[in-house]
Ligand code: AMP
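In the block that follows, a single chain appears as C-alpha cells, in the form predicted alone.
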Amino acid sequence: MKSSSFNIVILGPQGSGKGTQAKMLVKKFQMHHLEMGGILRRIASKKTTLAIKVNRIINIDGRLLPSKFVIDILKQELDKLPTSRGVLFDGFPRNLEQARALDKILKLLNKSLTHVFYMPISHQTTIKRLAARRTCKKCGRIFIAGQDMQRNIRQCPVCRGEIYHREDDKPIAIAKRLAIYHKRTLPVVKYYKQRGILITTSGEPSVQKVAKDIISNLV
C-alpha cells in the first residue's frame, strides 16, 4: 500500500507515547499530522474569550471539550490539507460520537481509515511518564526530565522558549484524564476492533521497539 493511501488513528492513554510514534510515522510515510491536542493548545494560548474557555477546560479542569466543538475544528483543519497524502489522527477521536463523525467526514472526502493502532500502558506507567514530562511554551516540543534534559532546566534547548510542566500533566489532572479516557475512549477501541482495523501494540517497551511493531503492519 502506498503511504498516500494511509489514514491512521493512534489511540492510547496519556503517556503511552502515541505522539512520539505519530511524529515518526508522519516523517517516514510523508503523511499529514493532525494532532488535536496541539491544535487545541494553540487555540487556548490566544487572548480571546474562546481561548480562556478552552484553556480552563483542557488545562485547568483536565476535561475534554464538547464533541461538536472538536468535530468542527477537525473539519476546518482537514479542509486546509491537500488530499494527495494520507492523514494521521493523533488525539482524535476520543469518544464514539467523534469516531462516527470522523467516518462521515472521511467518506465525504472519498477516504476511509486504513489502520487504528492502540497503545495500552498501565496506570503506573502513565503516572511515572507524565510526572517527568515537560513542554516548551514556544515551540511545543515535549521533553522527559532526567532523560532528554536535566530536571531543573527552564529553557528549551531547541528554541530557548520557556519550559514548563503542563497543568494536565500534574497528578490531580492525570487522575481526571485517565477516568475520562477509560469511560469514553475504550469504547472507541472496541468500535474499531469490531470493524477489523484495530492493531494493538503495547506502549510499554522502548520507543524503537514500539515503532518497529507499528511499521511492520504498514510495510
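Note that the structure is predicted; figures quoted are calculated from it, not measured. For every residue, the number given is its place in the sequence shown, counted from 1.
One more form of this protein should be noted, the form predicted together with this ligand, which is absent from this view; the next part is about it.
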Sole residue of 175, 31, 36, 51 within 4.5 Å of this ligand in the predicted bound form, by heavy atom: 36
Among the candidates 100, 85, 137, 94, the residue which, in the predicted bound form, approaches this ligand to within 4.5 Å (heavy atoms): 94
Hey, in the predicted bound form, does residue 188 get a heavy atom within 4.5 angstroms of this ligand? no
Does the 4.5 Å heavy atom contact test between residue 40 and this ligand in the predicted bound form come out positive? yes
Give a yes/no on whether residue 193 approaches this ligand to within 4.5 Å in the predicted bound form, heavy atoms considered. no
Residue-level contact is defined here as any heavy atom of the residue lying within 4.5 Å of this ligand in the predicted bound form; does residue 163 satisfy this criterion? no
Can you say which of 153-161, 43-51, 23-31, 166-174 gets within 4.5 Å of this ligand in the predicted bound form, counting heavy atoms only? 166-174
Does this ligand come within 4.5 Å of a heavy atom in each of 199, 212 and 215 in the predicted bound form? no
Residues in 105-130 close to this ligand in the predicted bound form, defined by a heavy atom within 4.5 Å, in order: none
